[in-house]
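One chain comes next, on its own, written out as structure tokens in the form predicted alone.
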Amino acid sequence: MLKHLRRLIGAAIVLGSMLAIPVAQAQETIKIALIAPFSGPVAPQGDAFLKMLKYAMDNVNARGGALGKKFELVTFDDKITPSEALIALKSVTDRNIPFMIQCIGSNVAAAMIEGVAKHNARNPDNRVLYLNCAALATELTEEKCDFWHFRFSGNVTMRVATLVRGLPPEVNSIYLMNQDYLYGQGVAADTKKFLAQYRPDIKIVGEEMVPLQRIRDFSAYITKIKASGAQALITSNWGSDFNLLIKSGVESGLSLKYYTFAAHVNGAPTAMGDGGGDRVVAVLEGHDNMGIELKSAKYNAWIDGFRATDPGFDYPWINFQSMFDMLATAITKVGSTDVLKVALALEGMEVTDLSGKPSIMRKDDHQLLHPFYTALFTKPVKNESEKTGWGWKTVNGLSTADLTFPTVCKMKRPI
């Protein structure tokens, strides 16, 4: 009797364990590390990117995620320094997190590409895939291209081509201001290249390379710009560097057009205010009024959903949604989170972005190819930016085909 009872108890334990396995698996998530600056002068950008990425991820999770599991972001602070980012990467790999997003700072991205490549070569059973959503220096998918790095955002060259080809014919003199690191240096070089190619009539009357996030008063630079007689300023400044630049320009009564790559980023519309109205043009992937312009119910619903969370800023980075869509599709296709299999599935993948246009992950260099637009900070608009009364209206744009440039990437493949 006792022996029979023991057998029943044993069978019950085994059955209970078998029943528990599917429950535990159903509760698992697919973890994605997010390495970003959550402290220091660029922390507002890190916090904003976290909200935007989570919103895009939640959209995919609402559709079922991948393999019946939801995605989960795990955050790490890099203080926008390469050394801190590499420390964060070590924490990611120690926790066996297969996917890592890092977006802010091309100097950080360059270190991450190298760090991920070295780790994966040494640890084939614990690889990590680097998903880059906004570190933009062209070199990262050219000379520095790597199999384990996928950039889900257009590079500097694509952005500058959009800006230069969109300059109105009446502009014939410009001043250049860029931050003195990999990204800003690339913007400066490509601006000169495309001006020579598309607008040789435009004269560069001055140029500055400023240290990244170190200047607190741009008034001396504004004085030089005024003295140059430039009709327009082209600047890649972002974060506090852009906000303080525009503040100095407005306060000094600088009268020119600003052609920018970051005027739409969180905090910038507030810094511009009325002083930026009808004077600032930005190159961007999308903006909160684009769905209205396109008469796209899908785009409008997506923007309305984000604004309902009351984040306090716009959502221009529609490529974030394309990134999560592609990742979920790749994981589902291969039936696994195996990093090598997912990477191979991402190569050549094409999705339709929120604007209804194609976005293509090019196999040769792992660079996302997609449209870009220029937009004017103006009024009236339905969706104003940061409660300023002003918002974005599309001026023109270039298609995915227009922005598909040859690559010099010589990628070393693991297979």
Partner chain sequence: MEIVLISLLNGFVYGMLLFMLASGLTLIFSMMGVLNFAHASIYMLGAYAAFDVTRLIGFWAALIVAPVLCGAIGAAIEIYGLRRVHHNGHIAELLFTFGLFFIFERGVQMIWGMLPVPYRVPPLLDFALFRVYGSNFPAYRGFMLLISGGMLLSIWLLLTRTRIGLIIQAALTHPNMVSSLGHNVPRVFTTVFAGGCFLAGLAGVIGGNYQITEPTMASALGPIVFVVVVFGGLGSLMGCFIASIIMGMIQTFSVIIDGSIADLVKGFGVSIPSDNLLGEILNVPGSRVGPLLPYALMILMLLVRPRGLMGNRDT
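Residue numbers count along the first chain shown, from 1. Fair warning: this is a prediction, and the values are worked out from it, not measured in the lab. Note that the rigid core is defined as the largest set of C-alphas that superpose within 1.5 Å between two forms.
Quick note: we don't show the form predicted together with its partner chain, though the next part is all about it.
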- Note on the structure: Testing 344-352, 63-71, 44-52, 360-368 against its partner chain in the predicted complex with a 4.5 Å heavy atom criterion leaves exactly one stretch, namely 44-52
- Partner contact for Glu208 in the predicted complex: its partner chain, 4.5 angstroms, heavy atom: yes
- Query: So in the predicted complex, does any heavy atom of Lys295 sit within 4.5 Å of its partner chain?
  - Reply: no
- Query: Does the 4.5 Å heavy atom contact test between Gly335 and its partner chain in the predicted complex come out positive?
  - Reply: no
- Message: Can you tell me if Thr191 lies within 4.5 angstroms of its partner chain in the predicted complex, counting non-hydrogen atoms only?
- Response: no
- Item | 4.5 Å heavy atom contact with its partner chain in the predicted complex for all of Lys224, Thr270 and Gly273 | yes
- Which of Ser153, Asn300, Asn120, Asn266 has a heavy atom within 4.5 Å of its partner chain in the predicted complex? Asn266
- So which of Asn289, Thr157, Ser248, Asn319 gets a non-hydrogen atom within 4.5 Å of its partner chain in the predicted complex? Ser248
- Message: Where, within 216-245, is there a heavy atom within 4.5 Å of its partner chain in the predicted complex? Residue list please.
- Response: Arg216, Asp217, Ser219, Ala220, Tyr221, Thr223, Lys224, Lys226, Ala227, Ser240, Asn243, Leu244
- Query: Quick one: core overlaid, is Asn126 moving 2 Å or more at the Cα between this form and the one not shown?
  - Reply: no
- Item | Residue shift check between this form and the one not shown, rigid core fit, Ser153 Cα at least 2 Å | no
- For Thr309, is the CA shift between this form and the one not shown at least 2 Å following rigid-core superposition? no
